[in-house]
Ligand SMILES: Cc1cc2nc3c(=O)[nH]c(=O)nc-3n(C[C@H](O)[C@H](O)[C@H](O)COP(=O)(O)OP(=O)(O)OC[C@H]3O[C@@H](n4cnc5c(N)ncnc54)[C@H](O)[C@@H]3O)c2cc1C
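Okay, so here's just one chain, in structure tokens, the form predicted on its own.
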């Protein structure tokens, strides 16, 4: 489990070495003393033994050098961090899991409020909801819920934490069945930058609550806990269907299948209990050339027989092969199978012992693409400079589209899918070709793109991020929330809300 779960790398989260170590702007001594004397957690400063490991995020592409990293364990710890941030005027970000695809959960010359240790899980007595500390990752959360056969839609990667994931929307295999992760939120506890704590919900500070549901983290305050509604079953059947794209006929079959799924399946009410993704990969046994495949992998909230009845018209499509199916089992086990069986997604060589740098590009698709248009993208995919490149289509429809527009600030829910391109490189010599490929993908998919980007997949350097994540109306709303609750921009990062009015 490499891409699937970064904790399983033999050498976890090791960033590339820098020729000249970064020297961050020093936090004045009086603030360092205040933190060291007042924090019940851990204060990590440049030069401390844990600093180099603590500054790293999941993607080694990002190599920031923060002025201070505070491992908070209590609300008082967070409050003291915010006091130091206000008084020192150092830019500050909150971090739960460190999975921001643009590296925004880290910062050079600023303060990181790390809330990873604030990770409690409390199931309500009636089993209808769970209160989760936002530093809790989905591996731990599922482990707490599944003994009671309870489920809350979450991420495919078990070391992603609740906080940033929920605030960006939150897509996973069961999102089509139950809705996005942010759609499960009932109420949230947030510490504002003045140190005050609010419980927000649709009935209490509803505009701030709405802004948290897709407005991304480190914008309005430090999220502490979220209460989520629970589904009373954590058991799902699973399947994998594949199309071999190594031949001209196979490529045409795959392009026709993608068009058919858009026209006949994604928004079909009969398939609402089916959550799935389309994944374009290269895979095969070690020591043999890897072949390109289009995979359809997913879960069904029901029996295996019901699942296969729903999938029958898909399996009738030219080139479709049932790779495997699984009888109903608990979510976390099935989630692992879908991303690692029979091969890792992507399938790195066995000699790769630390996570390679990665670049990701998200594009929302809201119109039906003709087979010829899908074929154009497939042909480009086959030109990738290495066989780690992965294209993933996170399929919307189902319960995702059942939520009213004004309940959250996730504006993409009525689209067909988010399609993202993920490229990797193992050395600096390989990097130019990988980045040239993703640039070509950007140029090619432009003609099919609706202008939206899934805000949980931010891209460093995106000057039109406000337009891509939210659009002008929602961004104006978010700027109003920012001005009300963090008028001094204590929390700020390159794509923060309110950096300037409608950037780009």
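Residue numbers count along the first chain shown, from 1. All values reported here derive from a predicted model rather than from experimental measurement.
What follows is about the form predicted together with the ligand, which we do not show.
At 4.5 angstroms, heavy atoms only, are 95, 160 and 170 all close to the ligand in the predicted complex? Judged in the predicted complex, 95, 160 and 170 all sit within 4.5 Å of the ligand.
Could you check which residue among 448, 437, 477, 457 gets a heavy atom within 4.5 Å of the ligand in the predicted complex? Contact residue from the list: 457.
Under a 4.5 angstroms heavy atom criterion, identify the one residue in 274, 223, 281, 257 near the ligand in the predicted complex. None of the other options qualify; the answer is 223.
Might residue 58 be said to contact the ligand in the predicted complex, defining contact as any heavy atom within 4.5 Å? Answer yes; at least one heavy atom of residue 58 falls within 4.5 Å of the ligand in the predicted complex.
Though only this chain appears here, would residue 419 touch the ligand in the predicted complex if you measure heavy atom gaps against 4.5 Å? The answer is no: residue 419 has no heavy atom within 4.5 Å of the ligand.
In the predicted complex, does residue 217 come within 4.5 Å of the ligand, counting heavy atoms only? Yes, residue 217 lies within 4.5 Å of the ligand in the predicted complex.
Does the ligand come within 4.5 Å of any heavy atom of residue 210 in the predicted complex? Judged by the heavy-atom cut-off of 4.5 Å, residue 210 is well away from the ligand in the predicted complex.
Given the stretches 249-257, 305-313, 86-94, 122-130, which is the single one in contact with the ligand in the predicted complex, using a heavy atom cutoff of 4.5 Å? Looking at the partner contacts, the answer comes out as 86-94.
Residues of 101-120 having any heavy atom within 4.5 Å of the ligand in the predicted complex, listed in sequence order: Result: 101, 104, 105, 115.
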